[in-house]
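The form predicted on its own is given below as one chain in structure tokens.
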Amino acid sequence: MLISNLEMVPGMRVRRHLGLIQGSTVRAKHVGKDFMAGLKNIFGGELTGYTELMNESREAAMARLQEQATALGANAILNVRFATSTIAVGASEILVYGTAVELERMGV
């Protein structure tokens, strides 16, 4: 599955437009990680617990995006974008969306 944040792929053309697709997840870390992040806010440094949380969240959202594309028969997802928002104190949502398409090489 080709995934790109470009609107078009050089040398390829969109054969079929299959629509807007999305994947999302809402995650929170446990109290211990929040406590350690609080200490890091005092002394500085990377908040590794939150970095891991965001990486896990992006991977889960991307997997759901790809599942939708596959179910529609797409071979590519174009114009992929990420968004994040706070759902509640200590919980955030990662949303990824894009356009499911069927691409083919030009001249075929």
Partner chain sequence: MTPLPDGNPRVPEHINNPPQNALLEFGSLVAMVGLVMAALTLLLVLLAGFLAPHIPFRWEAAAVSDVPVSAPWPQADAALNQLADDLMASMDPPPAIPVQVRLIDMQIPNAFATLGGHVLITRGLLDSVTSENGLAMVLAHEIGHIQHRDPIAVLSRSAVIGLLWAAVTGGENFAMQTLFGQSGGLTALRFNRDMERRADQYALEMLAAHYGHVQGADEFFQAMVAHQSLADQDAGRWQALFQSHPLTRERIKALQQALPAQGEAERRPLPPALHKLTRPEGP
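Positions refer to the first chain, counted from 1. All figures in this text were calculated on a predicted structure; none of them were measured in a lab.
Another form, the form predicted in complex with the partner chain, is not on view; read the next lines as being about it.
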Assert contact residue (the partner chain, in the predicted complex, non-hydrogen atom within 4.5 Å, options A28, A83, V80, A71) equals A71
Since only the chain is shown here, I'm wondering whether L20 would be in contact with the partner chain in the predicted complex (any heavy atom pair within 4.5 Å). yes
Classify K40 as contacting or not contacting the partner chain in the predicted complex by the rule of any non-hydrogen atom within 4.5 angstroms, answering yes or no. no
| message | I'd like to know whether R64 contacts the partner chain in the predicted complex, with contact meaning heavy atoms within 4.5 angstroms. | response | yes
Even though the partner chain is not shown here, does S92 get within 4.5 Å of it in the predicted complex, heavy atoms only? no
